[in-house]
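Have a look below at one chain only, the form predicted on its own, in structure tokens format.
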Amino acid sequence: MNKKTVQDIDWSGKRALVRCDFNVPLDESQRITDDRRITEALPTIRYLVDHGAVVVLCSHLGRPKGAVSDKLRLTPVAERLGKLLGKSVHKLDDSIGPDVEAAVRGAKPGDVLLLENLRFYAQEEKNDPAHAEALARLGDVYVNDAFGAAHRAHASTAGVAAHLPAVAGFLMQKELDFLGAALENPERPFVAILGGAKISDKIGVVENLLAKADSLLIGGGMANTFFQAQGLEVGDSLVEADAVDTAKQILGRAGDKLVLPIDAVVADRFAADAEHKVVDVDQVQPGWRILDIGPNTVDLYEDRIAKAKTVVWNGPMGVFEMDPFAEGTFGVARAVARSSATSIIGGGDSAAAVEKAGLADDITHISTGGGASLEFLEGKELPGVAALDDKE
């Protein structure tokens, strides 16, 4: 990664404006149900505290759509963060303005402050220049540690970097190092696994990974579009009719790099209590729908994964939220966890599945950014990364 990091700055007496990704899940009682995005930010925060900075943290939470929502305040985050840090976190009631600026001016080196939800202002997502400038007044140096939001050109992810020296935090650095190495200089064999519902969302990713990986294993609803492109009966399965021609073109040039399921779990309706069975992919009957890869496919994929030196996985193999259609995803997760390869899970549903299976500790790196990791795998430049200062 050729970007400056927090280690390139003398922090003594400086204010660090740190963009974090504290977009954590909350239950009905506003309790945090998974604090991994908070714990992942701790190394950067602790480094800044230990090196004498005033630490001003900012993040979005949920989708308040430019309006104040009491259910989406960052108060639970401040409380959890304080416990994890072992020191008080001063939660502010706004993210810009005179009161916020006064609170930051009054802070001492080593203090940690947390601004209110950035997306309470519509100007945040619009990357409004005046809004970015108002945020920049709260820091001397900008630190982006929010890889999960780096694919968005918002005021707090890109705009503010026009006003301050801009460096990466440790989490951002880790994400870029792992994903960058996997794409640019992977230890081979390099096996990529793609799942999820839609191929249209991942055409660019498929194209990029076919050029870089030794094998690309396909699962999830997106496999159905490839089946239809091959002329197979898919019953009532999810298929993107507009993407069938694209799938045909990909199949025509992918050769044996692209590996499709050989069997599937089919159901007579989309429900956890539906009648279901395992069939070969050329034996799907009208009225049935494919909801998971089958056991023979899991074995096939496990064999490829076992031989790999690098594995990147983004997207579940089936409707893993329903127990009868979860075994394909969990089977692949177990195979990745057992392998000796450098394993990278690309956030989102894949990360949730690995966590649910209790295998997170056996994965080399689980990305904190679903959409960001997907765009990175596609080869796109992320605005939040491009805005950071290059190393000299």
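For clarity, every value in this text was computed on a predicted model and none was experimentally measured. Start at 1 and count along the sequence shown; that's the residue number.
FYI, the form predicted together with a small molecule isn't displayed, but the following is about it.
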Note to self: Which is the contacting stretch out of 193-201, 162-170, 247-255, 105-113, given heavy atoms within 4.5 Å of the small molecule in the model of the complex?
What the structure shows: 193-201
Check: Counting only heavy atoms and a 4.5 Å cut-off, does the small molecule in the model of the complex sit next to every one of Asn224, Leu238 and Val319?
Finding: yes
Margin query: So the small molecule isn't shown here. In the model of the complex, which residue out of Leu74, Leu291, Leu217, Ala158 has a non-hydrogen atom within 4.5 Å of it?
Written below: Leu291
Note to self: Whether Gly315 contacts the small molecule in the model of the complex should be assessed with a 4.5 Å heavy atom distance threshold; does it?
What the structure shows: yes
Checklist line | the small molecule contact in the model of the complex: Gly331, any heavy atom under 4.5 Å | finding: no
Notebook entry, point to check: Wondering, does Pro64 line up within 4.5 Å of the small molecule in the model of the complex on heavy atoms?
Noted result: no
Notebook entry, point to check: Quick one: does Asp349 come within 4.5 Å of the small molecule in the model of the complex, counting heavy atoms only?
Noted result: yes
